[in-house]
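The data below hold one chain only, encoded as C-alpha cells and taken in the form predicted on its own.
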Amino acid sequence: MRPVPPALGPLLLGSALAAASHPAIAARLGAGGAQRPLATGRLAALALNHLVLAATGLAIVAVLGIGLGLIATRPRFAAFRAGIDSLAALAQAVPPVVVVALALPVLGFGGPPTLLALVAYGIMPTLRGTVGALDAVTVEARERAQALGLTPAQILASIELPLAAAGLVDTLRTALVLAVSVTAVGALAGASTLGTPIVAGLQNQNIVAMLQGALATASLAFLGDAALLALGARLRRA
C-alpha cells in the first residue's frame, strides 16, 4: 500500500475552503447574518491581488532571510550571529498592524506598507529556519569536501545547500503562511486583498463577506503549503 502524500491533506482542505468561499455556500454558512455575498468575479480578483502581494513579500523574505542565514552560519561572521538573530526578532516583535500604521505616513496607502509588514514579520522564522537547516549538515560532510580540496564557496554550493534544501523548503512553508495571513492585514492600509471583505464586513455587519474573505485567505495558505510540501517531499527523495 502506497503511503499517502503529505501534501494531500492541505490540498484537499485548501480546495474545500475555496469551495466554501463561493457566494452560494458562504451565504448558507453565514445564515442569520447580513446576506450580501461578494460575487465570484470580485472574490477571484481580490484573491489574485492577494496572491501577487503575498508572493512578492515571500520572495523578498526568502532573499533576505536565507541570505542572512547564510551569513550567520559562515565562520568569519560567527561573532555577528547573535546580533543578526536579535535584529530579526525585534522586527517580528512589532505587530503587523502597527507596522502598517507607522508606515502609512511615509509609504502611503496600498501595497508598500503591507510589503514592509510582510518582510518584518517573516524574516525571523526564515532566518532561524535557514540556520537550523544549514547547521543540520554534518561536520563529516563538510570535512570530506574540504579533503577533496573544495573551497568554502564550493562546499556551500555543492554540499551544504543541496543537503539543506528540504529544510529550507520547510522554512519557506512557515514564511508562506505568515505572508498570506499578513497580506490580509494590508486591507487596513487600502491594499486590495482578501482582507478587504473582512474589514468591510466588520464595518457593515456583513457576515457572509467576512466568511468569504476568511475562507479564501485560509484556502490560499493551505494550497500554498501543499505545493511546498510536495516540493519538499520531492527533494527528500532526490
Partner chain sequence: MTARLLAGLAAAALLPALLALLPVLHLAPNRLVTGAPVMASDALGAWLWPVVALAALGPALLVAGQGRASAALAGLACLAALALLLLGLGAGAADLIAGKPPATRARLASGAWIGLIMLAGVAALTAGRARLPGAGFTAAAAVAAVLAGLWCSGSLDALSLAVELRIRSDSLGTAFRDHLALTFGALGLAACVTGGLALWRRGRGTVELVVSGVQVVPAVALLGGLVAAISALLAAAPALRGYGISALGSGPALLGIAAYLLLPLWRGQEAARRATDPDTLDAGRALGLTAGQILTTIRLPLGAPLFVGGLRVAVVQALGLATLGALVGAGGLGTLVFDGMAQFAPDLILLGALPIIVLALAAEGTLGSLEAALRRRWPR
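Numbering follows the first chain given and starts at 1. Here the structure is a predicted model, which means the values were calculated and not measured.
Heads up, the form predicted together with the partner chain isn't pictured, but that's what we're talking about next.
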Original post:
Based on heavy atom distances of at most 4.5 Å to the partner chain in the predicted bound form, which listed stretch, 187-195, 36-44, 51-59, 64-72, is the contact stretch?
Top reply: 187-195
Original post:
Candidate spot 93, 97 and 202, all three in 4.5 Å heavy atom range of the partner chain in the predicted bound form?
Top reply: yes
Original post:
Heavy atom to heavy atom, is residue 104 within 4.5 Å of the partner chain in the predicted bound form?
Top reply: yes
Original post:
Looking at the partner-bound form in the predicted bound form, is residue 210 within 4.5 Å of the partner chain by any heavy atom?
Top reply: yes
Original post:
Could you tell me if residue 217 has a non-hydrogen atom within 4.5 Å of the partner chain in the predicted bound form?
Top reply: yes
Original post:
Applying a 4.5 Å heavy atom distance criterion, does residue 77 contact the partner chain in the predicted bound form?
Top reply: no
Original post:
Pick from 157, 148, 82, 89: which has a non-hydrogen atom within 4.5 Å of the partner chain in the predicted bound form?
Top reply: 89
Subject >> Neighbours of the partner chain in the predicted bound form among 168-183 [non-hydrogen atom within 4.5 angstroms] >> reply: 177, 180, 181
